[in-house]
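In structure tokens, one chain follows: the form predicted on its own.
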């Protein structure tokens, strides 16, 4: 498999995962905007920080207005992380590796970009936002469905998964890191309505709210939430689950010959850091440093994957 093909496939699915993640963050902020005006500005600020868009936003805007933030995150060209730009990058990567994708995967990707860009050309009103976000995630889910149901189980598919889970690990870690203050001991003791609302927002931004409530008898608890999103190997957006999938797909690409694989060995090192935080650990002021190191290690892992598999050749 050519390195530039692996590069295109890997980044195509990183961008699709990123678009879905951003849409979920927007929806979480918008639901809080509709149901509670308390701390909504702090919520949007956290969301902009999570996506790395805060500085770009303030270059163009003086205040945090909900609709302005949503438009900025959906389609503002001054924001390199807006959904329309991300989808365009995904589609361009799909075009470069067109012969490696099934017809169904390519057509679903192309339709996702065309239909979303047409929808976002119009003015965006409050009443449209939830439908826009739902339709976008539905289109991305269709791409993933076709990927799982029509692609051969070979290294092309494994690079698709590798891109997906590198991006997913990054997103989950950043969401937790931006809100790490909610897991400090003095915050955990309060357990008041405001904190519960923010804990719920974290879970909803990862589509994890209902799964968490099933597993934890409907009790929102900071330690349980952090354990669920960091260490639970059944939760498909947890750090543990994502890292397990990264290691699995590197092994598949390398045909289990991973002894001298820099990417696999770094993945094992990240796994060791991840598991160093025990489930019964009472989180303290070290959580930010812990997550920051995981984010940096995951970025390094992505770079090593590009070098090891000759993406630029």
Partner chain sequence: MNAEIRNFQYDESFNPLKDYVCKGYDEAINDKSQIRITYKKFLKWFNNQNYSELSKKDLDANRLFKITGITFNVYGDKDDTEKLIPFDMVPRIISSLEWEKVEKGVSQRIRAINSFLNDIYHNQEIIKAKILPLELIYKNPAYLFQMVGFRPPNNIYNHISGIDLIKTKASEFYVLEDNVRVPSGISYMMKNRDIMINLFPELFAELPIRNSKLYPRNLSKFLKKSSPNSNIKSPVVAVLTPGVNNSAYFEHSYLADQMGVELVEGIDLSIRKGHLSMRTIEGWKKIDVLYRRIDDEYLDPLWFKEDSLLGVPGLMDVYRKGNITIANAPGTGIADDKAIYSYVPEMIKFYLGEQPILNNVQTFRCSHKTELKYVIENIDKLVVKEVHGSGGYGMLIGPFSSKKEIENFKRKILANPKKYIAQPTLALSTCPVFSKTGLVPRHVDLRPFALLSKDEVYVTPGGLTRVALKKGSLVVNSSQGGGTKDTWVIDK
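Positions refer to the first chain, counted from 1. The shown structure was predicted, so the numbers you read here are calculated from the model rather than taken from an experiment.
In what follows, reference is made to the form predicted in complex with the partner chain, a form of this protein that is not presented.
### Task
Decide if the three candidate residues 4, 99 and 159 all line the partner chain in the model of the complex, where lining means a heavy atom within 4.5 Å.
Yes, the whole trio is in contact, each within 4.5 Å by some heavy atom.
### Task
Considering only heavy atoms, tell me if residue 232 and the partner chain come within 4.5 Å of each other in the model of the complex.
Contact check for residue 232: no, nothing within 4.5 Å of the partner chain in the model of the complex.
### Heavy atom of residue 118 within 4.5 Å of the partner chain in the model of the complex
Close contact exists here: in the model of the complex, residue 118 approaches the partner chain to within 4.5 Å, heavy atoms only.
#### Entry: Partner contact for residue 179 in the model of the complex: the partner chain, 4.5 angstroms, heavy atom
No, no contact at 4.5 Å.
### Query
So in the model of the complex, does any heavy atom of residue 139 sit within 4.5 Å of the partner chain?
No, residue 139 is distant from the partner.
### Task
Have a look at 144-152, 164-172, 216-224, 91-99 and name the one stretch with heavy atoms inside 4.5 Å of the partner chain in the model of the complex.
Going by heavy atoms within 4.5 Å, the stretch is 91-99.
### Message
Between 72, 199, 228, 106, only one gets a heavy atom within 4.5 angstroms of the partner chain in the model of the complex; which residue is that?
### Response
Among 72, 199, 228, 106, a heavy atom within 4.5 Å of the partner chain in the model of the complex occurs only for 106.
### Task
Select from 290-312 the residues with a non-hydrogen atom within 4.5 Å of the partner chain in the model of the complex and write them out in sequence order.
Those in contact are 308, 309, 310, 311, 312.
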